[in-house]
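The chain below stands alone, shown as structure tokens; this is the form predicted on its own.
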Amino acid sequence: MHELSITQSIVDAVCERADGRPVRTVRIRVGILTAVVPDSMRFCFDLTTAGTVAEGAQLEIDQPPGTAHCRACEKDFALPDLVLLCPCGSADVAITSGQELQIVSMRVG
């Protein structure tokens, strides 16, 4: 359950940035290829915000899909999992989306 440590890091960063102001909403972007389970992250968010300025805040999660670019056929394609294989059969691919793990915004006050 790596979501707990990831969420704890997010909450630490949010609380530091809030500088004592109550946090209402935290919006994050977690790519589908990170293997983070959004429901687990929401559960961990409620646990890790208890007693902090972010307690009761709403967690919004954007989960961009995985995409990749094939260097062999020069095409972009959807990447539903971490099997790095282009439909043309080449494994010479570069992931272009789906590995994001970012705090996008937060609302305080």
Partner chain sequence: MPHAHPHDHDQVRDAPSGGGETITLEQRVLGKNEELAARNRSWLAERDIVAVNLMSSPGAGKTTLLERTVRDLTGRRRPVAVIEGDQETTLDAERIRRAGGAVVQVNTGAGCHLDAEMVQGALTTLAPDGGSLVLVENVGNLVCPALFDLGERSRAVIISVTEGTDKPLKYPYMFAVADLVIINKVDLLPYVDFDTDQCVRYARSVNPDLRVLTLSATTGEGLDDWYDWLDARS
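Predicted, not measured: the structure shown is a model, and the values here were computed from it. Numbering follows the first chain given and starts at 1.
Not on display, but discussed next: the form predicted in complex with its partner chain.
- At a distance of at most 4.5 angstroms from its partner chain in the predicted bound form, all three residues Arg17, Leu82 and Ser105 contribute at least one non-hydrogen atom.
- Its partner chain is not drawn, but in the predicted bound form it has no heavy atom within 4.5 Å of Ala94.
- Proximity of Cys88 to its partner chain in the predicted bound form falls outside the 4.5 Å heavy atom cutoff.
- For Arg29, a non-hydrogen atom is located within 4.5 Å of its partner chain in the predicted bound form, even though that partner is not displayed.
- In the predicted bound form, at least one heavy atom of Leu33 sits within 4.5 Å of a heavy atom of its partner chain.
- Interface residues of 3-23, taken as those with a heavy atom within 4.5 Å of its partner chain in the predicted bound form (partner not displayed): Ser5, Ile6, Ser9, Ile10, Ala13, Arg17, Arg21, in sequence order.
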